[in-house]
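Only one chain is given next, in structure tokens, and it is the form predicted alone.
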């Protein structure tokens, strides 16, 4: 990879317990930009509270990080040896039932939003529902509004029909920020060939997940197996539409994953809700550069490796996010 190629890691990273130590680690790992999840099941007011906390982090760690609103902030971070942080939502809950709140969230810095998180939402259906009813009436309105603003639509955690309909409905390319080919790990949380083909046809992007439950052999998946998985995905997507979406939740207690899965919508505790062990070759942000070894061993050339490790995300963000005024 060329030394000036931005390394863009977009994922469902932890949305709480960020620390200066993590920010320093991202810089040492050479990460020019990352995505940080701001909320899952929170409403608008709680989400704003998280955003206030993020503004404090940006102020207290301005030598290490900056709030990213467009592609220009990636270059600004690179020029000042910092990491640009894009803020996103893994659930549309913060917009509640008010289409106008999408613009308010965008103005506050949110640049990505998933249409669903496992369950049925007001916008579409998650992968864990028995029946996927597709994009809802409100979902069509939300997609149009996100397109108008330039907020990136993320279909991670969506059901098959919902994903296909959203890809077709959106006037802008969309992303599946953290998932893997389903035929390599048989889980509906991963993505079928049909969805990947539709995503590629509309110039979308897939972020390969490094979360063990999405990997071909779980926590025991090797770096070579990761590379082969990326190669199979690239056969459909092309390296120019393939990135990393690590879904890394580093140093978090199991209570965080229980909140992600259970929220407040159920009283049935999932006793098995805990973080699995990360594969040995990716336990922290410091391991990001090492992914190149797996890609090169699987047959990616230097250009393709550079695309998967940041170039493709950088291109997508440049094309998708309007310049901040």
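Everything quoted here is computed from the prediction, not taken from an experiment. Residue numbers count along the first chain shown, from 1.
Omitted from view is the form predicted together with a further copy of the same chain, to which the following refers.
Just one listed stretch, out of 276-284, 259-267, 47-55, 31-39, contacts a further copy of the same chain in the predicted complex at the 4.5 Å heavy atom level, and that stretch is 47-55.
Residue-level contacts in the predicted complex: of 96, 131, 220, 186, one residue has a heavy atom within 4.5 Å of a further copy of the same chain, and it is 96. Scanning 104, 236, 213, 122 against a further copy of the same chain in the predicted complex with a 4.5 Å heavy atom cut-off leaves one residue, 104. Proximity of residue 148 to a further copy of the same chain in the predicted complex: non-hydrogen atoms within 4.5 Å are present. Under a 4.5 angstroms non-hydrogen atom cutoff, a further copy of the same chain in the predicted complex lacks residue 198 among its neighbouring residues. Although the partner is absent here, residue 169 is not a contact residue: none of its heavy atoms lies within 4.5 angstroms of a further copy of the same chain in the predicted complex. a further copy of the same chain is not drawn, but in the predicted complex it has no heavy atom within 4.5 Å of residue 138. Relative to a further copy of the same chain in the predicted complex, residues 75, 110 and 322 are all farther than 4.5 Å at every heavy atom. Residues of 61-90 placing a heavy atom within 4.5 Å of a further copy of the same chain in the predicted complex: 69 alone.
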